[in-house]
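Starting off, we have a lone chain in the form predicted on its own, written out as structure tokens.
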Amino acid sequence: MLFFAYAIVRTAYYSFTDFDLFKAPSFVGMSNYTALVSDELFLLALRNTIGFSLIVTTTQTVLALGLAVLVNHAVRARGLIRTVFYLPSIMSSAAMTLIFLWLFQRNGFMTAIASVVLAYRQHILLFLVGMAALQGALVLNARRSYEGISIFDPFFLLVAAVGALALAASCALAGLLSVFDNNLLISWLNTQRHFLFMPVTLWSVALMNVFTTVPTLMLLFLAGLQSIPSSLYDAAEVDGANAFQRFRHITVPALRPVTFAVVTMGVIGTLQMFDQVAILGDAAPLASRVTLAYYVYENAFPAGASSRIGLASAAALVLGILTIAAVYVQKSVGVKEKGE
């Protein structure tokens, strides 16, 4: 606590000075804050950070809860499924970023996937329809012997996927499906294009961030789900509540403390996004990937120029205040930290 308080006081002091790490700091009043407001890069970083935080926190929370419910209802191979889902979290963010850099090349893996999806859209549609039909048939058949099997049971999903793949392959070999020509070259990173309110590059970083954080958050939700007494679900089922009503009135209220922790960690982590953006480096334009944390770093340690510690300190304080305000708002009007 002492070191934390010292860092805040020191940063606040430097934010009112002109300091380059080599000369004694000189007092400049509110000049650094005035410069921030008039700096288009800072305003862009602020907008990118808020948009990135909203997208990633919402997506990773929903996906983590959905995966936790899925794994919790798994009847077979629950341990294997949990391990497979958790694997992305054991890799370092630097390694994952380098992998994603390769995936998001202009003619890389993601572009290839988009090309394949467009070329084989009939095959994919048949696969999805066949998988849904097989999954429904398998679950209905299993419910004759076992109670409580979810329509999204992971084991049956795997079996249905294999069956649907065999169906699509058979139809393709019989010449019943067409392959469409296309020649895509998509810039996922080295571009300044925007999609909705955020640069396309940051959407790619958001996808990478969600992929690496969802498994850990899923485990938190899974622990919360397994602490809910099954007698509550049994009583609700006796009263005639369907699956959605049991989820809405039992699962969601009981998971509020876990949801509060997950959302809080998500908000703090996304507002302070730095490492994945920094590793991107020259692979993407600065304006399409800059966040507040990276803006602070760029001013504290600019390439080939003197440090602007005063400006970086002012931006760091803005980031800190924004983080505290976001957590306070989500606590006050959003997810509560106490369950029901």
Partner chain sequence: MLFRPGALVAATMLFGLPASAEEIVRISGWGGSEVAIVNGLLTNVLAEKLAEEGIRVKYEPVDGDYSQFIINGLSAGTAPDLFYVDTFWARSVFSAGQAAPVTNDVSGFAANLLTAFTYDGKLYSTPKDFNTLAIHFNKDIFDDAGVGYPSDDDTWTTLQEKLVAVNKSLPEVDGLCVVPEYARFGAFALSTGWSPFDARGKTVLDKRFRRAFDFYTGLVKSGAAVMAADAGHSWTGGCLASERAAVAIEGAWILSALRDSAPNMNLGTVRMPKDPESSKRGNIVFSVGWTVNAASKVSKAAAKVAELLTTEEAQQWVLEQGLALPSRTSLNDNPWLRGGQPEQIASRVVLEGLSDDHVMPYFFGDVGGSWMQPINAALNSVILGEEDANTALLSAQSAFDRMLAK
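Positions refer to the first chain, counted from 1. Bear in mind that the values here come from a model prediction, so they are computed numbers and not experimental data.
There is also a form predicted in complex with its partner chain; it is not shown, and the following applies to it.
> Hey, in the predicted complex, does residue 256 get a heavy atom within 4.5 angstroms of its partner chain?
Close contact is absent here: in the predicted complex, residue 256 is far from its partner chain, nothing within 4.5 Å, heavy atoms only.
> May I ask you to state whether residue 58 is within 4.5 Å of its partner chain in the predicted complex, using heavy atom distances?
Residue 58: no contact with its partner chain in the predicted complex.
> Within 4.5 Å, heavy atoms only: does residue 305 come near its partner chain in the predicted complex?
Judged by the heavy-atom cut-off of 4.5 Å, residue 305 is in contact with its partner chain in the predicted complex.
> Using a 4.5 angstroms cut-off on non-hydrogen atoms, would residue 33 count as touching its partner chain in the predicted complex?
Residue 33: no contact with its partner chain in the predicted complex.
> For a quick check, can you give me the residues of 191-228 that have a heavy atom within 4.5 Å of its partner chain in the predicted complex?
Heavy-atom contacts to its partner chain in the predicted complex: 191, 192, 193.
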